[in-house]
Structure formats: C-alpha cells, structure tokens
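Below, in structure tokens: the form predicted alone, a single chain.
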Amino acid sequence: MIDILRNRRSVRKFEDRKIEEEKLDVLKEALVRSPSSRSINPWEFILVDDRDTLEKLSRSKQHGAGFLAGAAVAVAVLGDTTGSDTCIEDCSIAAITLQYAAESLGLGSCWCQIRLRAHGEDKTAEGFVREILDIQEHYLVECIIGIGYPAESKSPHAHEDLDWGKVRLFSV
C-alpha cells in the first residue's frame, strides 16, 4: 500500500486505449467496498466510457476538467443527501479509494472537483453534469475521476520534499 501512495500522481494525459473489463470490475468492487460512516453507503457512481459524453464532461467547469476528454473512463461520484449527513466525506473516501485501486492496476487517474465549482456565470459545474448524466436533484455531484492508461510519467514526490511539519505527535 505504501508503494501505491508513494507512486500515485495525478495523470491528465491518457493513451487512446480501453480499460479491460477485468480491471473495470476491480475498480467497481473498490468503489462499493469503500468505507462509509455507519455503513450507510450514501454514494452512487456513474461510469462513462462514451467519447461524446467524456468530451461534454470535459467542459463541466471553466478550468481543470479538459483531461476528461482523453480518459478511457470517467467516474462521477454522487452523494445521496437524503440518507446521510456525511455523504461528502463518504464520497471523498470512495473517490480516493478508486484512485488507489486504479494505481494498483497500472492505471492513471485525476480528480476533477465538481461540487462548489462554476460551469459559467449562470450555471454550476454540478448543474451541468447533472443535466448530461440525468442525475436527480437529491444527489450532489462531488467529483469526477478520470481514469486511463497514462500517456505521461511523473516521478514520485521525494521523501525529503514532503511537508513533515504537517504531522505532529500529541502525547501527555
């Protein structure tokens, strides 16, 4: 697990290559095995592999979504706001679980924040994605994770460059 954490980097350039069904099955399993508060599992996931839809999703916000057009699969992470007061947290856990699973399979990924982002002056990114994917109003759209075979290589962050000052030990 620590090697996955060490090596995972955000990948925004993907090969034009489909992900095998066996690997997609592992990614789906990782999603539904994600921990959630009180095991409520207030999330749902929409996997998109249609090129036209990926292109539309790449325009979901003003900056930072373009890479979705080149992904083999995009996973919209939705939270059911009627069933949990921690759906945002649970969705975030599921999204990063998905990214770590992708890394373990030799796939690259990148998080595209949707919740609380603007599509334009008159529409939110969430509203835009909701229309494209026909998502009901009681679901929030936390993020979209783009996944595919990496067409770029990034070195891991060096151990000595990590911000160790962010970790403190409190003991009495």
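Counting begins at 1, following the sequence as shown. Keep in mind it's a predicted model, so treat the numbers as computed, not measured.
What comes next is about the form predicted in complex with a small molecule, which does not appear here.
Visitor: Among Cys112, Leu57, Leu27, Ala125, which has any heavy atom within 4.5 Å of the small molecule in the predicted complex?
Guide: Only one listed residue qualifies here, and that residue is Cys112.
Visitor: Name the stretch: of 126 to 134, 37 to 45, 100 to 108, 60 to 68, exactly one has residues whose heavy atoms fall within 4.5 Å of the small molecule in the predicted complex.
Guide: So the stretch in question is 60 to 68.
Visitor: Look up in the predicted complex whether His157 has a non-hydrogen atom within 4.5 angstroms of the small molecule, and give yes or no.
Guide: His157: contacts the small molecule in the predicted complex.
Visitor: With a 4.5 Å heavy atom cut-off, would you call Arg9 a contact of the small molecule in the predicted complex?
Guide: Output for Arg9 is yes: heavy atoms within 4.5 Å of the small molecule.
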